[in-house]
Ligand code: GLU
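Presented below, as structure tokens, is a lone chain in the form predicted alone.
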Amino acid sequence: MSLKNKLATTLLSSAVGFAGIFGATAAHSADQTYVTIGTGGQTGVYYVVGQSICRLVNRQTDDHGIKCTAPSTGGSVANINAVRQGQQDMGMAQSDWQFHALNGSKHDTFKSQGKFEDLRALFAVHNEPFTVVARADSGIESFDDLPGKRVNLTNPGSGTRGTMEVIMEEKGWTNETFKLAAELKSAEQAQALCDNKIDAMIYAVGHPSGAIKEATTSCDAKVIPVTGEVIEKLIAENDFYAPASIPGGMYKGSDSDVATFGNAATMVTSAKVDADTVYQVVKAVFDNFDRFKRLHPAFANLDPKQMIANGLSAPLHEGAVRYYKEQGWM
């Protein structure tokens, strides 16, 4: 089943400190290998994914000698660039930015650097609907009501920001389209919304999301549909996008299902990262898969065979392939 069909029919309901110098690449000592996984904001699911993987890896450090850390980072684009520059070993990234990094397309950073031919995938995780939350008193009822409003576009380097810029380009919007184009990090925007500093926040995130829950319980706010001709065009032209739905009742103020679109969260690395290290990280996740799925509601319906097939634009890393073949999944 293609990513598009899978995302169209399924919404998966939907962390420790720095490793000395932030983002240090795998450094080998006589006894230990240090691995850094880039995540995202601390209220997002990327942070939970990275922390969860490291927790599983570190349970077996005495056996394989790998010590894993998963600091909060700027998100998808920042993680891919850090992996490319050897500042991180692995990182979380939206499936669309995995595609654009591999092909040197769309994002200005990826275009200027050219194709990231050493980009490798490990697996996909949860689905990520593009989510807009607006204050109830903002007058925002649909995505097309955002012009003239105070909107947090999120920080440069995040996958959410990149996707928002893709939509803005298609619509002919610029930062001047909004009364305020804020650049708050994902962890900061719920409070800004409830402090009446912005009218709307955006977040491509797995659900349920702590940030969305914070925004909708701390003040009167609701999830807004993201639909229309431009969204339909993006879905039609890109296999990594598909229709998605945020279930009604998941958040206060949104009793009915909310239509939007989305993609998949993926784990990426570089071909230059040691195959044995990658093998052990992948093994830690899938040998303890039931434990991993319990670490966040967005993981509840994950299926290993789908995780290594859907949403992956880059080739699988040889260390991951070794494990998957051992399991008979390839």
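Heads up: residue numbers just count along the shown sequence, starting at 1. Since we're looking at a predicted model, the values are computed, not measured.
Another form exists, predicted together with the ligand; not displayed. Remarks below refer to it.
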Where, among 235 to 243, 109 to 117, 133 to 141, 72 to 80, do residues come within 4.5 Å of the ligand in the model of the complex by heavy atom distance?
72 to 80
Pick from 204, 151, 125, 101: which residue has any heavy atom within 4.5 angstroms of the ligand in the model of the complex?
204
Is residue 44 close enough to the ligand in the model of the complex to count, meaning some heavy atom within 4.5 Å?
yes
Contact with the ligand in the model of the complex for residue 40, defined as at least one heavy atom pair within 4.5 Å: yes or no?
yes
Is residue 158 one of the residues lying within 4.5 Å of the ligand in the model of the complex, judged by heavy atom distances?
yes
So, residue 94 and the ligand: in the model of the complex, are they within 4.5 Å at any heavy atom pair?
yes
